[in-house]
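Just one chain follows, in the form predicted on its own, and it is written as structure tokens.
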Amino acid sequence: MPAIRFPALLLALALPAFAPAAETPAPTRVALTAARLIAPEQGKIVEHPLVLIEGDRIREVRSGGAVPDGYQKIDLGAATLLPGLIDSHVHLGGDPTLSSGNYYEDTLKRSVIDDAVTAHVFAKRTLDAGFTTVRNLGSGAYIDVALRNAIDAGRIEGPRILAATLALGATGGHADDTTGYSPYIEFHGASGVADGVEAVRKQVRENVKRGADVTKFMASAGVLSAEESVGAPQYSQEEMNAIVDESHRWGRKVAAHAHGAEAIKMAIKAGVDSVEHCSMIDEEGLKLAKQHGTWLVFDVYNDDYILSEYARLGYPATMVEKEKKVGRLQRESFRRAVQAGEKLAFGTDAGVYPHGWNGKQFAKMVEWGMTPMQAIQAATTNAAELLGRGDRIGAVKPGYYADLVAVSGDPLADVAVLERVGFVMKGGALVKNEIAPK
């Protein structure tokens, strides 16, 4: 039996003191009523829905009818019910509101501990915004795993999390936080930087060992990092192939960060499950994605925030200039992807802009080519399928988790109402109710 180091022993002895926070138990049986229910899996509206919930699951969904005996009724009046929303690309470990206004000072004076002690705040804001499930695509020091576990244990409130842990990236690339600094400055801590086929395989295994639900890797350069390019490939085809093969061997799906056209096509050919950002995807890339059944995730809101706020937040001008090169292109690519009938899932890159603002992306998706129903489907049934959870989330159906949200008004008439979610239920437990019944 391996020796237990003294700090680890102290931690083990201290753990019982951290009991789950006291919570009001969810009623065993709840009946929800509202004016309408959007059923994205069918692309239709259910008028005067009655949703019967037992424990954390939905038992029955019908139109109209009396509430059976033994159910606690929650009447949402003229509101619209929807499945709990899903954001397939967030970073709960950080938020621009934490910035001091000096990028380099933040980098050198803040640590992953600072990120860890605030992550629960951003998880709660995300849940309150109606997002009951998220995919956290990259986190320092395995913060997302600890956050996921604490939420699952009921110690804190937050969405269901699929954690990617450390994003894989090449030396000097988008995942290498030491790029641009003096070689005499030492950075310590866990890193996903790995080069070569054997090294990337090992890093995938290390991530799985530490609790990863999904693999994230940097197929191309990026915006908010110090390398010169914004879209050039940063892994070889062989390295990408190895990352995907090893991840799938361990039953993990793979998300590839890729802005540039060539990197996108390389990632698709490697067999990734989703490509993130997709800013410069070309016609060949769109055809490849459809051929391979690859999901595309366009974060089409955050360009507005980066261009309006990041200079004020003290980010280097080179990063803001890189965003100017891809922001408009990404939205035009998104429109072409919608027109081509690609598989599109909702993902915002929240953490680049403030958590809790996730719903602002719906209006941009509609502005750039989607119908309101398509945008809602992207954040429900589509995202659930991408995450491999299409049998339990993303729809209001018997047997599914009782993850439901409601808004005042009709999001099919004005999708922007999804920026103001007034009712949230996760797993049958009431999280938020600011909708007064009428």
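The numbering used is simple: start at 1 and walk along the sequence shown. Everything quoted here is computed from the prediction, not taken from an experiment.
One more form of this protein, predicted in complex with a small molecule, exists but is not displayed; see below.
> Give a yes/no on whether Gly93 approaches the small molecule to within 4.5 Å in the predicted bound form, heavy atoms considered.
No, Gly93 sits far enough from the small molecule in the predicted bound form that none of its heavy atoms falls within 4.5 Å.
> Hey, in the predicted bound form, does Thr294 get a heavy atom within 4.5 angstroms of the small molecule?
Because no heavy atom of Thr294 falls inside 4.5 Å of the small molecule in the predicted bound form, the answer is no.
> Although the small molecule is absent from this view, report whether Ser333 comes within 4.5 Å of it in the predicted bound form, heavy atoms only.
No - in the predicted bound form, heavy atoms of Ser333 and the small molecule never come within 4.5 Å of each other.
> Taking the small molecule as it sits in the predicted bound form, is His174 in contact with it (heavy atom to heavy atom, 4.5 Å or less)?
So His174 counts as contacting the small molecule.
> Have a look at Leu224, Leu313, Ala261, Val121 for me and say which one sits with a heavy atom within 4.5 Å of the small molecule in the predicted bound form.
That would be Leu224.
> Looking at Leu147, Leu137, Val352, Ala337, which has any heavy atom no more than 4.5 Å from the small molecule in the predicted bound form?
Filtering the options by heavy-atom distance leaves Val352.
> Only one of 280 to 288, 232 to 240, 251 to 259, 103 to 111 has heavy atoms within 4.5 Å of the small molecule in the predicted bound form; I'd like to know which.
Looking at the other structure, the answer is 251 to 259.
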